[in-house]
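To begin, one chain is listed below as structure tokens, in the form predicted on its own.
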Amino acid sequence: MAVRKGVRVSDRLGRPLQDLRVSVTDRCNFRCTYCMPRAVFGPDYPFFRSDEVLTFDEIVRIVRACARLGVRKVRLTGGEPLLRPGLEQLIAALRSVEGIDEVAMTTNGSMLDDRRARMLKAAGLDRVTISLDSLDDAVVRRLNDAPVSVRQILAAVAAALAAGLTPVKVNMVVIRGINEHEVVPLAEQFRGTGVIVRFIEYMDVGHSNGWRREDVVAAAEILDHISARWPLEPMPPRYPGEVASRYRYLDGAGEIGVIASVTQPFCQGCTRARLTADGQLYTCLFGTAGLSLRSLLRQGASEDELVSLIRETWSARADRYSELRAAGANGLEDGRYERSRRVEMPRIGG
């Protein structure tokens, strides 16, 4: 049965489908300890073969189907998305999809120079988020396990600003005993620049990063450190389902955000679906099984069939892993959340 265009869909908890994260590659030139530790993702790790990865045309077809169900924002992730050749072609194609209002990207910044930033902007990329976990080269290399300097990442931030990929956001994953002392210096680095720093609680994505609850620095603690230096006040979300809680400096020097998935779960407002590079659609960052859209596409599925299947999958969604984790619920042991089966961060795109 054909599905009427423009029919929005909600899940079993009343959450609409509004955002789609698209991982364009599972490969990365970093080996961040909280995402892609080298001991697991080494030379013998079975990354996707080129024929297993969705083509740009296949990605666009899926995005077009999702747009018919209410998706308005697409974020390109990885792995490291800038490792995917010709990414500008995909961005331009996504910008032409009816209903898509914004195309954004998350990157580690190592490949983002002035020329590439201008190319991405010209192709239609709206804004960019860049990862930076410290202003200390030694700490960065300990966390990223890659020969990258803070200067390189700061240059990427400057390139994004100059190209108009704004507002530029900087993501810092805060881990106790490693970089929590860098919270205030990183906030200071970007105060008054228009760059929005978002401090992220260390999360238990996948099953390879050795996550422990005691390594989490709570958002409340992060805010206490910053507000002791520069007083803050809360701001309203920009849109329903925004995952970062926003705070502005009282002296007018800009804003920051905190993402408190561990201590202040926001499952009730989650409107995100995630597409892996090999075409699996997941309805939760902590999911263990996805819907294989690649196989459907390569078997000749029509757009209406894609819409119907995505609608059925989202309508059945009842995911709320972070809430269950915070409550210490036994539901964490069911098939949806068993840690040993969870999809890894480089595949699901964060």
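The first residue of the shown sequence is 1; numbering continues from there. These numbers come from a predicted model, not from an experiment.
The form predicted in complex with a small molecule exists for this protein as well; it is not shown, and the discussion that follows is about that form.
- Between the small molecule and the residues Ser208, Thr107, Ser134, Gln280, the one pair within 4.5 Å by heavy atoms in the predicted complex involves Thr107.
- Taking the partner from elsewhere, Thr77 is found to have a heavy atom lying within 4.5 Å of the small molecule in the predicted complex.
- None of the heavy atoms of Phe48 is located within 4.5 Å of the small molecule in the predicted complex.
- Within this chain, Tyr247 is remote from the site of the small molecule in the predicted complex, having no heavy atom within 4.5 Å.
- Cys35 belongs to the set of residues with a heavy atom inside 4.5 Å of the small molecule in the predicted complex.
- Contact annotation: the small molecule lies within 4.5 Å of heavy atoms from the stretch 169 to 177 in the predicted complex, the single such stretch among 220 to 228, 248 to 256, 156 to 164, 169 to 177.
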